[in-house]
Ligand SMILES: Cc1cc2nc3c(=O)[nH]c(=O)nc-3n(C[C@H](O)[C@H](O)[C@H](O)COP(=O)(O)OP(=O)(O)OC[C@H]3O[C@@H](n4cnc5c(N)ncnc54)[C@H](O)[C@@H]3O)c2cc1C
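Quick setup: one chain, the form predicted alone, written in structure tokens, and binding and motion questions come after.
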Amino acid sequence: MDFNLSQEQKMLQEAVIKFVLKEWEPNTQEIDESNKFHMWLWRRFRDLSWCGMMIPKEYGGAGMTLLDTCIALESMVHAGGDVGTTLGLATHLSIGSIPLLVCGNDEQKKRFLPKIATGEWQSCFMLTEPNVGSDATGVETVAVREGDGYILNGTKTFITNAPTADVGMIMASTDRSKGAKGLTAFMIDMRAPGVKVGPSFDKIGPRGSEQAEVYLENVKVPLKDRILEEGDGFIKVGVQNLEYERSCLTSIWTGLLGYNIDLAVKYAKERKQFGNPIIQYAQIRDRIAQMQIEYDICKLLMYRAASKKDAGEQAPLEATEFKVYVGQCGMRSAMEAMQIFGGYGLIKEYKIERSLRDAKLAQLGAGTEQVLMEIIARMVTGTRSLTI
């Protein structure tokens, strides 16, 4: 098993780091304070051909692997790019593109993927609702067959990229009596009549991405924009999508672990107490060593999950373990780094406080830690909990 990056992966990593340090990192505090996804960065992603990393070249994408994409996203945050903007990009790259690539028919791929790949269209994925989080079987948005299409009504929430997206894949129930087996996936125009996007949520972090509610009132969707058959939405589209989502998006927070270490080491070398740089004291060195160990473990989990998907295999356990562990390490890493900074860790100028605000989402999005722990237990033991 070779853990060395290929020459192409090293070149990609170098290009990402160079761009982040020169153009992106100097603007991260402004991005964080604005609570907006900055479209000038999206235009730069387009210029760099990063909007279609995993989309095949035949559709205008870069034809990269999932591992390539994870390495790029991890490097963006490790080099100092903000978690929020990276999340907006990663959402487009993973759950905004992969379901269509994996489950769409030839006509749908030819119609949607080229514009998604070049970044002419930004994409999103809509599953979560005000009353539906981890339990997707309770989706209340309905799609009723009418003529040569469907009429959609309902509300989606916490939808990343909703305020800026051009297209999105949405999960709606075509038969609520069937629960998850009654869910169907559709592609919709985010500016179609009847689609209304609410204001961006004012979050503690990651503030460089935008999440909002999406309201659908008698939205007409043609039959040609249905993905697969009725009832295939969750089992065939959603389940496959989760493995890509948990691998791709989690790589962002893996990068945050490396970023925290870099900030903590730099500060500890400059800060003096009792006549010496605090980097020389065992208590500080132990904290940094533990942060590094957990960072390296998270990278190994990333390589394992992504490599298995790239080999054409299912990776439900690997992707879920990766997601849970990075969420746990992210909070510990941010807290340890802030402790090293002492009182300065609370001051925005020193940037480490943003890591704590950004880290929490890794324990909440794409399945809460509690639900994912139960999923892991079921896969390992083959039994169900008495409480879930």
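One rule holds for the numbers: they count along the sequence shown, beginning at 1. All figures in this text were calculated on a predicted structure; none of them were measured in a lab.
What comes next is about the form predicted in complex with the ligand, which is not displayed.
Student: Is residue 244 close enough to touch the ligand in the predicted bound form, meaning at least one heavy atom pair within 4.5 Å?
Tutor: So residue 244 does not count as contacting the ligand.
Student: So, residue 373 and the ligand: in the predicted bound form, are they within 4.5 Å at any heavy atom pair?
Tutor: The answer is no: residue 373 has no heavy atom within 4.5 Å of the ligand.
Student: Does the 4.5 Å heavy atom contact test between residue 138 and the ligand in the predicted bound form come out positive?
Tutor: Taking the distances in the predicted bound form, the answer for residue 138 is no, it never comes within 4.5 Å of the ligand.
Student: How about residue 114: is it within 4.5 Å of the ligand in the predicted bound form, going by heavy atoms?
Tutor: Answer no; every heavy atom of residue 114 is more than 4.5 Å from the ligand in the predicted bound form.
Student: Among the candidate stretches 331-339, 52-60, 359-367, 35-43, which one is within 4.5 Å of the ligand in the predicted bound form when only heavy atoms are counted?
Tutor: In short, 359-367.
Student: Suppose contact means a heavy atom within 4.5 Å; in the predicted bound form, does that hold for all of 128, 133 and 203 with the ligand?
Tutor: The answer is yes; 128, 133 and 203 each reach the ligand.
Student: Consider the chain as shown here, without its partner, and state which of 86, 75, 160, 97 has a heavy atom within 4.5 Å of the ligand in the predicted bound form.
Tutor: Looking at 86, 75, 160, 97 one by one, just 160 meets the 4.5 Å heavy-atom criterion.
Student: Could you tell me which one of 173, 211, 122, 254 places a heavy atom within 4.5 Å of the ligand in the predicted bound form?
Tutor: Contact residue from the list: 211.
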